[in-house]
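Shown here is one chain on its own, the form predicted on its own, set out as structure tokens.
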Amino acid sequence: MSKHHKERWINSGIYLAYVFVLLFFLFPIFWVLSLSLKSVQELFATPLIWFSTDPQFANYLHVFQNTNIVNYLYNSAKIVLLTVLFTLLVAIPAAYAFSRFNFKYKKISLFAVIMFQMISPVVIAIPLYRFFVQVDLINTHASLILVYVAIQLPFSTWFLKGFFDTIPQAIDEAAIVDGCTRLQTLLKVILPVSVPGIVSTSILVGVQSWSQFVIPFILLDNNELYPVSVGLVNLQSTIDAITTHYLAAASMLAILPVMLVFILLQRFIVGALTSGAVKG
């Protein structure tokens, strides 16, 4: 086989893998979207109807008018925004310190940070429940945000450290020569040029926090406090009138904010990951 034909076969295999991965991730979303726009007759039609020829957008109106989905979305947005804010407040100075300072046990400290990222929230859910009962914080958004911040901090610190590493230390030295303190250097010099890294960290933390299920399911026991991930399950189990197409419509509404944010700001993620990848 000639070199030209060999390259063509390799390229064909790569594109085939791209198509497979694309279908693997997009098909579940397509199927939920299809269900959300079907009538009851189309849900149980034989042969299977892949997509309705008469989309039932009224299903979405029914979900808005007859469920608590708006409150669930508001709770999720509030929890995620506060989680991102408090995570950045801790992760940015920690990442800057790891990136710029050499101190004793630095490598061990970095390893310890990433080690906590490997602990599954499922493992710590029950001990957390008992702890928050003792401190009277159970069934509150404050407890949920504290846990989310603790879960996201290791990843955020490592991600931001990688981004700060790509910024030449000569910029810090120039700022200090001009009279800036370390804090002023971080706030006035480093942060403005780190916007892509901070935005991409915020997006990734937000997406992971939005999709959390186990922790809120255990720590919350009030329908008015549920985020959308738990609210959907509650929607399915407590409302007799709900059917598959309504649940699918609610699911699409639940993932729509995350998809929009990711699509609109994806260039920041690509930029931050690329910057980290080329660090020598």
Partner chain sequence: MTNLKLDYQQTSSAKVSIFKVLGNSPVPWLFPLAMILVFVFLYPIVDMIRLSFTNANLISAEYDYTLSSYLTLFTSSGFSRMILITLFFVFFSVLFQMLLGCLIALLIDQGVKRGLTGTVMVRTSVLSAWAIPGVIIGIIWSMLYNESQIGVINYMLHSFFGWSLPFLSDPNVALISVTLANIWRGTAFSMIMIYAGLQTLPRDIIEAAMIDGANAIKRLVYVVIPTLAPLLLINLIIITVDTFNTFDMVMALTGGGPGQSTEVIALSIYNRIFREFELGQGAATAVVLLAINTLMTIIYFHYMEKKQVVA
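Positions refer to the first chain, counted from 1. Worth saying up front: this structure is predicted, and the values here are computed from it rather than measured. Rigid core (definition): largest C-alpha set, two forms, superposition within 1.5 Å.
In what follows, reference is made to the form predicted together with its partner chain, a form of this protein that is not presented.
For P127, is any heavy atom within 4.5 Å of its partner chain in the predicted complex, or not?
-> Because a heavy atom of P127 falls inside 4.5 Å of its partner chain in the predicted complex, the answer is yes.
Does Q169 reach its partner chain in the predicted complex, with heavy atoms at most 4.5 Å apart?
-> Result no; Q169 lies far from its partner chain in the predicted complex.
Give a yes or no for Y96: in the predicted complex, does one of its heavy atoms lie within 4.5 Å of a heavy atom belonging to its partner chain?
-> Heavy-atom contact with its partner chain at 4.5 Å: present for Y96.
So, in the predicted complex, is I151 in contact with its partner chain at a 4.5 angstroms heavy atom limit?
-> Yes, contact at 4.5 Å.
Its partner chain in the predicted complex: within 4.5 Å of a heavy atom of each of F101, D178 and V207?
-> The answer is yes: all three residues contact the partner (heavy atom, 4.5 Å cut-off).
Are there residues in 210-231 with a heavy atom within 4.5 Å of its partner chain in the predicted complex, and which are they, in order?
-> Result: W210, S211, F213, V214, F217, I218, S229.
CA of L43, rigid core aligned, shift of 2 Å or more between the shown form and the other one = After core superposition, the C-alpha of L43 moves 2 Å or more between the shown form and the other one.
Examine L26 after superposing the rigid core and state whether its CA is displaced by 2 Å or more between the shown form and the other one.
-> Yes, because once the rigid core is superposed, the C-alpha of L26 moves 2 Å or more between the shown form and the other one.
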